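There is one chain below, alone, in structure tokens, taken in the form predicted on its own.
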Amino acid sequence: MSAVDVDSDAQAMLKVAAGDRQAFAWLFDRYHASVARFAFRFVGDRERAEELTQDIFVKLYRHAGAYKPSARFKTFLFRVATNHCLNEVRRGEYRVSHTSSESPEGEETGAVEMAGPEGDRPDQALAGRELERAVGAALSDMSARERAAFTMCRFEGMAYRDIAEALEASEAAVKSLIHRATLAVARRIEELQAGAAPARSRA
């Protein structure tokens, strides 16, 4: 994200704090898809992910006055999103299960980036879909905080420092979470390559 984008986000959020609904609509349009993908990777259910996304933006609006322009807006937004999703998982009313890593809006989670660009041969496309399933299964294996850290790092491109702020943790803790999450993905890929039956997921 460029400095201009950060300035635009911060200025819009300050306007939201002052009651500017158009500024809020602008931020909603700009970040809705990212938050929806993040929530989906948390709960693995499209309908619930959209409900969580709506809740997150309601919280963002209500707590706009707490935003300080010294903090990146995206970090502030993902702190709100992470806390809301963690609370949802702690309620334990459902089991997280990712049968696919496809996002609510039909976009891919990033596994496609690992598989290669569009236009690959059919065998490469099949490998890409299998890789997506492996990543989805790995997401189900992770703890909620591992899932949050991995998603913000791998799919949202956030820096360790910003992830640490969003999770209210140290950078060392974030690196440890991402390391364990990456090992979970590697295990799933090894199972895929070995043709082994997938292990049972934990919530």
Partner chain sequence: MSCGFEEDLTAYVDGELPPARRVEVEAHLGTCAGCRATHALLGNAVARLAELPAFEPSPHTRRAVLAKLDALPMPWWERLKVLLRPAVLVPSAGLAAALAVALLMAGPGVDAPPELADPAVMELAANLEVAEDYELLGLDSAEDLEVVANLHELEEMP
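Residue numbers count along the first chain shown, from 1. None of these values were measured; they are calculated from a predicted model.
The same protein also exists as the form predicted in complex with the partner chain; that form is not shown, yet it is the one meant from here on.
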**Request:** Would you check, heavy atoms only and a 4.5 Å threshold, whether Glu168 touches the partner chain in the predicted complex?
**Result:** no
**Message:** Residue-level question: is Val135 within 4.5 Å of the partner chain in the predicted complex, judged on heavy atoms?
**Reply:** yes
**Prompt:** Does the 4.5 Å heavy atom contact test between Gly19 and the partner chain in the predicted complex come out positive?
**Reply:** yes
**Message:** Please tell me whether any heavy atom belonging to Arg145 falls inside 4.5 Å of a heavy atom of the partner chain, as the geometry stands in the predicted complex.
**Reply:** no
**Request:** Enumerate the residues of 33 to 56 that have a non-hydrogen atom within 4.5 Å of the partner chain in the predicted complex, in sequence order, or give none.
**Result:** Ala33, Ala36, Arg37, Phe40, Arg41, Arg46, Ala49, Glu50, Thr53, Gln54, Asp55
